[in-house]
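Before any questions on binding or motion, here is one chain by itself as structure tokens, the form predicted alone.
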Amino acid sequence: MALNAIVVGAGLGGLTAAAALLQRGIDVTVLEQAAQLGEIGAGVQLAPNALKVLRALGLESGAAQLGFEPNAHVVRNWKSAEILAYTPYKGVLREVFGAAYYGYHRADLHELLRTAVPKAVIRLNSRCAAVRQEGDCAVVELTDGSTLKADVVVGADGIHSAVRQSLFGNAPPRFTGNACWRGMTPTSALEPGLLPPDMTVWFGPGASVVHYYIRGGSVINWMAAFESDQWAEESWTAEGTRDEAVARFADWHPSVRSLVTKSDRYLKWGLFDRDPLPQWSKGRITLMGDACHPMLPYLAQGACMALEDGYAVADALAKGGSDVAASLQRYEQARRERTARVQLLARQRSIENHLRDEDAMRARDERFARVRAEAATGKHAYGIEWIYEHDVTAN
């Protein structure tokens, strides 16, 4: 008998899971709490490991057209703009790792994934309140009092996951001591040639700034992270002011100041995370993406890991037959170590990006310089070749 599944959450990971399940002949219902589909105005990056998932779903060509491929990953000094590390991306990553690297407007990527999931299987205004197992079914309780049953439930409902809470309790996420500003600056607002078409990271004392081009190079997405002893609101949509953002980076290089000053919007974002979760599944219910391994943004792997999870859970269910619980255990065992390693490395990067001690900064920069000699072979300044080379679709 064919399986049927419920995916809770229609974000990037949830849509990937739904598309991969449908590709394998598994019936899917996607529950989305919002009244309409869409994504907030923010950038997202996909590395070669995630592009391989889109390739397997038949979406790689569309992803290439929508995305902007940076020339290189460049690390610069916050004050002088000196290049501390340089890893070529365009052309090199495809040759070495089998796929390219792109920057996107999140809404564009979300709509691309949506094209692989018929609208009829997505239920809007459907907020999950809790989940439970009931005999040979998994049950989702909605906040309107209704219930739905399926053979399997996949929780793709983010860091505040209701599915996770039902399975493992309501432990709150941890404030990391970092907050950030996010914005988008029209390229036309900047002096021509001010910012090369690279994925650029500026390292400064207690802060870092990341920017990359999206939408054919017409817009630059930027994120400015900084250490903060105040509990920042954990929201993608909390509005701030230009004056606040500009004041925090007033003594940075003029290129950074110009980028931040000319943004069209200023969003505040508190950075929260969790320790790796030792268990993702119970019976016929499992978790994926930020619901089980929320990622700090310092490796740009949060969306990538969610796409990998979505493909992996669908593949495990398709190969496992009627024993859903065993299939979910295989999925979890295949994913837990990798995602935990990425999760913890992203946490470590937040520390190294924001170093203040001069000796520690010198040691970091000297290490980057040694790696640069091998950059043309795919050797990355961050030592993350093992992330990019992975192909979850080959399992």
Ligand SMILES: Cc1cc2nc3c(=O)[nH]c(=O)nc-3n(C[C@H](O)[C@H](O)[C@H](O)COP(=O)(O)OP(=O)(O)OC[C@H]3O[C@@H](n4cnc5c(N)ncnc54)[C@H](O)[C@@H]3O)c2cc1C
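The structure displayed is predicted, hence computed values, not measured ones. The first residue of the shown sequence is 1; numbering continues from there.
Not on display, but discussed next: the form predicted together with the named molecule.
The candidate spot formed by 10, 180 and 223 lies fully in contact with the named molecule in the predicted bound form, as each residue has a heavy atom within 4.5 Å of it. Just one listed stretch, out of 188-196, 91-99, 169-177, 120-128, contacts the named molecule in the predicted bound form at the 4.5 Å heavy atom level, and that stretch is 120-128. Only one of the listed residues (212, 249, 311, 280) places a non-hydrogen atom within 4.5 angstroms of the named molecule in the predicted bound form, and that residue is 212. Between the options 271, 75, 259, 267, the residue in contact with the named molecule in the predicted bound form by a heavy atom within 4.5 angstroms is 271.
Contact between residue 29 and the named molecule in the predicted bound form is not found at the 4.5 Å heavy atom cutoff. The named molecule in the predicted bound form comes within 4.5 Å of a heavy atom belonging to residue 33. Among residues of the shown chain, residue 301 is one whose heavy atoms approach the named molecule to within 4.5 Å in the predicted bound form. Put simply, residue 44 is close to the named molecule in the predicted bound form: some heavy atom of it is within 4.5 Å.
Heavy atoms closer than or equal to 4.5 Å to the named molecule in the predicted bound form belong, across 355-382, to no residue whatsoever.
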